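Same chain, two forms, each on its own as structure tokens: structure 1, then structure 2.
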Structure 1
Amino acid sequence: MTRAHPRELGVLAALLLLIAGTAAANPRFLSAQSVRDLLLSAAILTVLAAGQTVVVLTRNIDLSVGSVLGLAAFGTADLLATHPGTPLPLAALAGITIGALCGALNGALISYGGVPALVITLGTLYVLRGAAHSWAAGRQINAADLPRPFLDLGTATVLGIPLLALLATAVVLAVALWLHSYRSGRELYAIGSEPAAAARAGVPAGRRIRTAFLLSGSLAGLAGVLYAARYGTVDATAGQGMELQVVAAVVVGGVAIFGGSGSVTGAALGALLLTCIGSSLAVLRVDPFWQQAVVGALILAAIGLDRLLTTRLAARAARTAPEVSRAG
């Protein structure tokens, strides 16, 4: 509860280590533009990771986020391209609504069917991607088709900080507050920690799980809107394969894959770490054939380091505690 989360410290340590190492090799890695780029790059993954965290905490998983992102990105871009006059907030809302509908579908199938989320969302991963392809029919929406102000969202900064990064931070903070300080948020942990006990305690598990998927879907929809704004070029393949990255970010961020423990700040740090790995490799000009191998190795190193720190801290706690901390 109020104890410091050693798990987050682990990711943070890995992140700082990576940044320090890269900056030592190339000081321009810490230039203002560079940091801005890093934050901007991490924004979309962070938003997705925040939604995924909520789902994973309940001992579920949402593999369909990449496809949802693709659908929402294409939907938003298509709307703006065919109806250039659409107000931007309305377009964004459209994207988020697409995501929310997908999330609601996932949640309903899983909670009413009482079936494993991994299977359902693996199914919707295929179905939604297929739907996006059918919709796009090979079309691509390009920067020239999109209104200028929309594209500007992707690069705008507020006080030197990219708007997208601020948005992602706001999402993370809001979700963190909910998970940490509200009864319904804590119930998500309870459901993931021991579903049987949650049922006995009268926790409305079905409703909470549907909420979690709805949130994850909506955030994936939002990520789709951000994606369209940032890249300006959208076709039906947007976000393909993103699900593994998101899951990796969440897991690297210390969220237990079988639910019940972890935090959204940890997941956000995980997303930042993964993005940072990509940027560092580009800056360090690592041999391109080695890059993917190094990414994999660094993921392993990060979760390994995290585990090491956690057990070390736990062991120290056990050793410093009184022999047996309670008397009859």
Structure 2
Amino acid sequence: MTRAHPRELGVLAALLLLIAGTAAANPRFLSAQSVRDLLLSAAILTVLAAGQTVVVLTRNIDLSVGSVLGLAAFGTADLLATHPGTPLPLAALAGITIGALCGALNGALISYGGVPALVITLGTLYVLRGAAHSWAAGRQINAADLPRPFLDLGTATVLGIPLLALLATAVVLAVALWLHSYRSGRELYAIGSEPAAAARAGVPAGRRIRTAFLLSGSLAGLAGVLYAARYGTVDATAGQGMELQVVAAVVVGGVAIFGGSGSVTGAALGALLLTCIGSSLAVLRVDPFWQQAVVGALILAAIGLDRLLTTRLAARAARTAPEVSRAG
């Protein structure tokens, strides 16, 4: 947990350098409209990254978040399009509930079945995407089919800041508070750091892992609602491929892929950094291939740094243990 702060500062420094360099090459990059577009693009990825962080801290991974987003986005849009007059909070709750049910399914299969999360969520990725295609049956819901107040959520601003960005920030702060101020949240770090020690200490690992996946699914459902409001046009392919962006944001943001270390704040910075990389390369007219190459390099660097820090800390602990024993 304590190692998260230097990593967050490193991601923040990289983000500021990227912004400064791009702005120097093209001053329009920092125009008010460009900044709003950047924050809007990062908002949905940030919400997904917050949920993924909770799962990764427990040494698991959720590859189904893109499909959950797509199912929730289409479900929310379909409800509003086929039942005009549906209250927006009820529609949002429906989307979040779809995500929560998907997350609960993942958590139950993993904790009760004893099957690795990678395998389970890879399977539900395809199952849920198939369910979305079956539900849509080739239909596409357009912005004209949705109520104007709902679409306004995707473009509304508060003091010049996009509402979606403020909602994403609220999600990050709420998850951060839970992880660091509540026992059930702190126990996720214990599960990811030393599963055997956590079990001996009486930590209910199965229940906590189910909670982590439930939260990840719920936030993916919320992201689906925000996706529908942001883009207006929704079909069964919504969110396709986003799971890889989410994992990249979490890892680049300093959350250890091996669990037990990192913070949701770092994951949010990672999401903003990846979004900024895409925007910067587009502004600089760089081949999109290089965006993928840069993201891949960042993931490898983040994993390599984590292993290096882990090895050094283990070596330091091994050196100090005999000294403590002699002093005792």
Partner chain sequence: MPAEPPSGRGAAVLRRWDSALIATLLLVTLAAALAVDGFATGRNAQFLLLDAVAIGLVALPVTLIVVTGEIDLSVASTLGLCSAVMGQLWVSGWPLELVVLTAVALGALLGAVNGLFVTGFGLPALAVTIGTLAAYRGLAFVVLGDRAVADFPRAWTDAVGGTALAGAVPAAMLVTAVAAAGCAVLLHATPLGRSLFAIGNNAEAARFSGIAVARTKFWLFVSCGAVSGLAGVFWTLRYASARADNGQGLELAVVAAVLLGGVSIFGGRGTLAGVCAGVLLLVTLRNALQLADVPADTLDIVTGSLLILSVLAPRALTALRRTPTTRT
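Throughout, residue numbering runs from 1 along the sequence of structure 1. Computed from a predicted model, the values in this text were never measured in an experiment. Take the two forms, superpose them, and find the largest set of C-alpha atoms that agree within 1.5 Å; that set is the rigid core.
One of the two isolated chains is the form predicted in complex with its partner chain, namely structure 1. Once the rigid core is used as the reference frame, the Cα position of residue 261 differs between structure 1 and structure 2 by less than 2 Å.
Relative to the superposed rigid core, residue 39 undergoes a CA displacement smaller than 2 Å between structure 1 and structure 2. With a cut-off of 2 Å and the rigid core superposed, residue 295 has a Cα displacement that reaches or exceeds the cut-off between structure 1 and structure 2.
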